[in-house]
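Take a look at this one chain, the form predicted alone, written out in structure tokens.
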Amino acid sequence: MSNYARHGLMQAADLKPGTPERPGERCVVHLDMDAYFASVEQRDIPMYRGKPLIVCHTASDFRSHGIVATCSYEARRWGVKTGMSVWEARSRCPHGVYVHANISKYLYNTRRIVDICRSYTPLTDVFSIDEVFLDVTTPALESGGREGQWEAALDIGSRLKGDIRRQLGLSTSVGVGPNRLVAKMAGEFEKPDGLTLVTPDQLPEILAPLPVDKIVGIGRRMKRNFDAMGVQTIGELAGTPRGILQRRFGVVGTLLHQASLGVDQGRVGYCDEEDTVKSFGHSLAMSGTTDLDLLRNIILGLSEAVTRRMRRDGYLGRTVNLRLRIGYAMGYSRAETMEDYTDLPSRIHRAACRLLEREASLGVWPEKITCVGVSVSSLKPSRERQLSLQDWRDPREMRITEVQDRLKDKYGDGVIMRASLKEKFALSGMNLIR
């Protein structure tokens, strides 16, 4: 069961002993941008409007490899889906328009969306690049009182949709409910450009006929488990004794049973960033290579991007994880924990390259490498930095990195880069800076 984004739904930490199993009396709004990346591109480039537009995560200039980041609703009619390989998307929709994802542009729009949300309430959580939760209990009560709080919350959702459309020219679907889980599921009832309210009085009956995998976090693997148990709908899951679910799934079984009743004990806007950020990572899909020099250079670009984000958000890391996908089916990861915490790209790069060379020396790659990922975990705040002997003897890299960050903050990330990253593959297509 996935731990969704930074503030995942239905986490074990949300279980509170003694809490009654009924939805809370909060008013939560979930905002989900419609076909977000594609909508931004169609807004900015008129020739894309009305056409099947597929936005790709790829390093190929011809957009022939990688995965689909998102696609317009015109493309979805042809069976194209987010996460699908570009090769499969082209086989289903050969006449589609395929473009590189421009993550920095989408993040700029996300920041503006979050600013709009925070004009309604400071209790706002960014769930992902295209989803935001808002706790609007206080403004709803102030506007509608206890009797009219749900109508007031629905009105806030409507005004939020209008503000985003007027200021950014983008469509969004909004769900309103008594907690995060129900609000998110409500937003799926009517898409695109939907506005749906689910009140506590409608629970759990309104969820009962839905397929069990409509619960946030239930993926294909969990769905197979429920198929084996004969559980097809959320209502059937709610009717399954909790003890059976606990024996089969552990603490997750309790969370799933609560979710089937529309219960989510987590709160919006109370998360501590230091408790929720677990790692920083980037990856790059490519057509396939076994050239170690090229792979080392790709890892350098990924290390630069990862550590830039770490420095900006104020973190040091100690464990370097290298992910490799071989061909289009097999993938695995390897990790190395360093002696010291760092946010410098050269150290992350060296550790990741050691992992790469160790795997290459085994000679077990039956096919070419089609995806490389680098992530850093075992984090701590950078204010707790302790200079190593190497840093004390030679602080040049730290100083150069600080200057580079200041230049990029002022003039943009493309103002300065390593010469080796301008060779035969285009790191600009990686969209590494969020």
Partner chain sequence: MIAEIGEPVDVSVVFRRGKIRPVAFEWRNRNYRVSRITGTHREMRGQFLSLHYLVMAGGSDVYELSLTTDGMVWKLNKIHWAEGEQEPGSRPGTAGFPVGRGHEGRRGTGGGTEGRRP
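Residue numbers count along the first chain shown, from 1. C-alpha atoms forming the largest set that superposes within 1.5 Å between two forms make up the rigid core. Remember, it's a predicted structure, so these values are computed and weren't measured experimentally.
Missing here is the form predicted in complex with the partner chain; even so, the following discussion is about that form.
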Please tell me which of 248, 105, 118, 223 lies within 4.5 Å of the partner chain in the model of the complex, judged by heavy atoms. 105
Identify, from the list 206, 123, 238, 99, the residue with a heavy atom within 4.5 Å of the partner chain in the model of the complex. 99
Considering only heavy atoms, tell me if residue 366 and the partner chain come within 4.5 Å of each other in the model of the complex. no
Even though the partner isn't displayed, in the model of the complex is residue 26 close enough to the partner chain, meaning a heavy atom within 4.5 Å? no
Contact test in the model of the complex: residue 409 vs the partner chain, heavy atoms, 4.5 Å: yes
Residue 49: heavy atom within 4.5 Å of the partner chain in the model of the complex? yes
The stretch from 395 to 403, 374 to 382, 66 to 74, 39 to 47 that lies within 4.5 Å of the partner chain in the model of the complex, judged by heavy atoms, is 39 to 47
State yes or no: after fitting on the rigid core, is the Cα displacement of residue 45 between the shown form and the other one at least 2 Å? no
Relative to what is shown, are the Cα atoms of residue 83 and residue 308 closer or farther apart in the model of the complex, where the gap shifts by 3 Å or more? farther
